[in-house]
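As a starting point, one isolated chain is supplied in structure tokens, in the form predicted alone.
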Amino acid sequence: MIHFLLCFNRQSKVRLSKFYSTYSQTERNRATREVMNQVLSRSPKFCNFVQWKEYTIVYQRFASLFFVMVIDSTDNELVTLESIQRFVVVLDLVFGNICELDLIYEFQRAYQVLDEFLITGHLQESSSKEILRAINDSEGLEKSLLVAEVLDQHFL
């Protein structure tokens, strides 16, 4: 099970975070800080898996962003690494060459992609095509609702 997902830059600025296990706000802040310190202090030559408390940290660096999933120690690290890769590929398809600014200014879409990808810490959908279809369907629905709202305002 994935306990939480973090995306942060080299300056320790969190750009995306989602917790699937119950933590208080102080525990979240402490866990986020500890995981960031663990990941940022490692050399790029080391592997992408780190033991942390009773969990395993799995991370991947893309440009200036680190994508991190904290999983149970018994879970498969390579499957988690592949999940991170697939999540970044879907973000890249949705945003068209994902960058840190996309996560800052369009964080709702990034969380929407994450919610289509993972539910309660488990992989919901692994097909990039299905995730993109669901996101496009929801964006089409949003646009039609906006058009209906504008029409209602003008013709009432």
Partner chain sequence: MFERTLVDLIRGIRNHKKNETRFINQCINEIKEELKGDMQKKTVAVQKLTYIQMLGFDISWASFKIVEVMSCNKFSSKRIGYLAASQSFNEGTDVIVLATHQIRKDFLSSNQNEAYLALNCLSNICTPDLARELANDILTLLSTQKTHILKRAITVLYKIFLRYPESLRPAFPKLREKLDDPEPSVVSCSVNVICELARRNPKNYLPLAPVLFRILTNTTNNYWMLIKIVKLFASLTPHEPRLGKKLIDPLTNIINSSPSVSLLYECIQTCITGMSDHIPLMKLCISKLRTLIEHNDQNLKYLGLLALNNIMKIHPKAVSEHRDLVLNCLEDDDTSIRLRALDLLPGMTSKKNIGDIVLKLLDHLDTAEGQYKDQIIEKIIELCSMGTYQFITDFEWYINILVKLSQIQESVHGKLIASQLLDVVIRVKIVRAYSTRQMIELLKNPKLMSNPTEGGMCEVLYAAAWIVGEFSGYINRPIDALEAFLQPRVSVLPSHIQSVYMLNSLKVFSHACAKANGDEIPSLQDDDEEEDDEEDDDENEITHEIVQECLEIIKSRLTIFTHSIYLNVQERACLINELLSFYSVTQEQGNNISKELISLFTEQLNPVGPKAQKKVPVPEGLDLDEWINDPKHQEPIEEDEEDDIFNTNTGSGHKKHQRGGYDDEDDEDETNSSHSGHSGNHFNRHPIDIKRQKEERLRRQANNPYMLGGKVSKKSNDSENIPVVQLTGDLGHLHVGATSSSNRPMPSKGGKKIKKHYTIDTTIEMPEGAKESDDEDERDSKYKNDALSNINLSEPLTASDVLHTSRHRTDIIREKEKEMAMLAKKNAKLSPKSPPSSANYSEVTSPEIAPTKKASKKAASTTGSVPPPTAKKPSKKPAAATSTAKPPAQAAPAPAVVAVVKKVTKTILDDDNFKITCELLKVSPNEVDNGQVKLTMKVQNKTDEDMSDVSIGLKSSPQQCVSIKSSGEIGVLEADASTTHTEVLNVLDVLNQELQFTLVATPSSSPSITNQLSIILPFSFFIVPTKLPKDKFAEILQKSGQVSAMDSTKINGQSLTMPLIIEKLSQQLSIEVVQAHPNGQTASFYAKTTQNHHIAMLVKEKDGNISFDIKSPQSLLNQILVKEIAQLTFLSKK
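Residue numbers count along the first chain shown, from 1. None of the values given here were measured: they were computed from a predicted structure.
The form predicted together with its partner chain is left out here; the points below concern that form.
So in the predicted bound form, does Gln108 come within 4.5 Å of its partner chain, heavy atom to heavy atom?
Gln108: yes, in contact with its partner chain in the predicted bound form.
Just to confirm, His122 within 4.5 Å of its partner chain in the predicted bound form by heavy atoms?
Because a heavy atom of His122 falls inside 4.5 Å of its partner chain in the predicted bound form, the answer is yes.
Does any heavy atom of Phe49 come within 4.5 Å of a heavy atom of its partner chain in the predicted bound form?
So Phe49 counts as contacting its partner chain.
is_contact(Asp92, its partner chain) in the predicted bound form, heavy atom dist at most 4.5 Å:
So Asp92 does not count as contacting its partner chain.
So, a 4.5 angstroms cut-off on heavy atom distances: do all three of Phe19, Arg86 and Gln112 pass it with respect to its partner chain in the predicted bound form?
Every residue of the spot touches its partner chain in the predicted bound form.
Using a 4.5 Å cut-off on any heavy atom, which residues of 18 to 43 would contact its partner chain in the predicted bound form?
Lys18, Phe19, Tyr20, Thr22, Tyr23, Ser24, Gln25, Arg28, Asn29, Arg42 sit within 4.5 Å of the partner.
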